[in-house]
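Okay, so here's just one chain, in structure tokens, the form predicted alone.
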Amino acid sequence: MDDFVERPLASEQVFDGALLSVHRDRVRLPDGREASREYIRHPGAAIVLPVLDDGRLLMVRQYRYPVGVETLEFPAGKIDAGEPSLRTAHRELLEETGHEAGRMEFAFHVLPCVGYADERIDFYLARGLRHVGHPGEDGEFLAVESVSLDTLLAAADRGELTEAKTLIGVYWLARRDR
């Protein structure tokens, strides 16, 4: 069987929320049978890997309600409707850390949940950072920390750094600097 594509036959939106929507589709499988597929539509996100002049990384510590824990993460956020992901990266860096980047370059993207969501996360490397103030975002409570890459790698090794997009960014930075 060379064709693995499942072809949509019908689609319905079963939930529409502020962050995501849930869909249920009927599809034709490659062997001709029909099946149901439920999935989340997500607007996408941008994450920033902000490198200070001394090599430390800017991180944010925040409480994540769905998992009930405090996490250490790179600044990131949802792409607003009609907003290019590069603009999202600049906006999130400023909102979450109070910094602007002199240089922001696209690094790569990931598809974090291909089994049940269409989310794409674009990763950006930010350098030439300067603190311009911390405007914050209503309803968002976080602390900004600067951490060395070695400290983050050690935390990952101990199982203390568990947030997926941050782990991906840490390991990408570690491989890039070799």
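Residue positions are given as counts along the sequence shown, with the first one as 1. Predicted model, so just to flag it, every value in this text is computed and none were measured. What we label the rigid core is the largest C-alpha set whose atoms superpose within 1.5 Å from one form to the other.
Not pictured, yet referred to below: the form predicted together with another copy of the chain.
Residue among R130, H134, R127, R61 with a heavy atom within 4.5 Å of another copy of the chain in the predicted complex:
Comparing distances to another copy of the chain in the predicted complex, the residue within 4.5 Å is R61.
Does at least one non-hydrogen atom of L142 fall within 4.5 angstroms of another copy of the chain in the predicted complex?
Residue-level check for L142: yes, a contact with another copy of the chain.
Does P112 reach another copy of the chain in the predicted complex, with heavy atoms at most 4.5 Å apart?
P112 belongs to the contact set for another copy of the chain.
4.5 Å heavy atom contact, V27 and another copy of the chain in the predicted complex
Because a heavy atom of V27 falls inside 4.5 Å of another copy of the chain in the predicted complex, the answer is yes.
With the cut-off set at 4.5 Å between non-hydrogen atoms, does D53 touch another copy of the chain in the predicted complex?
D53: no contact with another copy of the chain in the predicted complex.
If you look in the predicted complex, which residues in 26-41 sit within 4.5 Å of another copy of the chain (heavy atoms)?
Read in sequence order, the residues that approach another copy of the chain (within 4.5 Å, in the predicted complex) are V27, L29, P30, D31, R33, R37, E38, Y39, I40.
Residue shift check between the shown form and the other one, rigid core fit, L167 Cα at least 2 Å
For L167, whose C-alpha is compared between the shown form and the other one after core superposition, the shift is less than 2 Å.
When you overlay the rigid core, is the Cα of L20 off by 2 Å or more between the shown form and the other one?
The answer is yes, as the C-alpha of L20 shifts between the shown form and the other one by 2 Å or more after core alignment.
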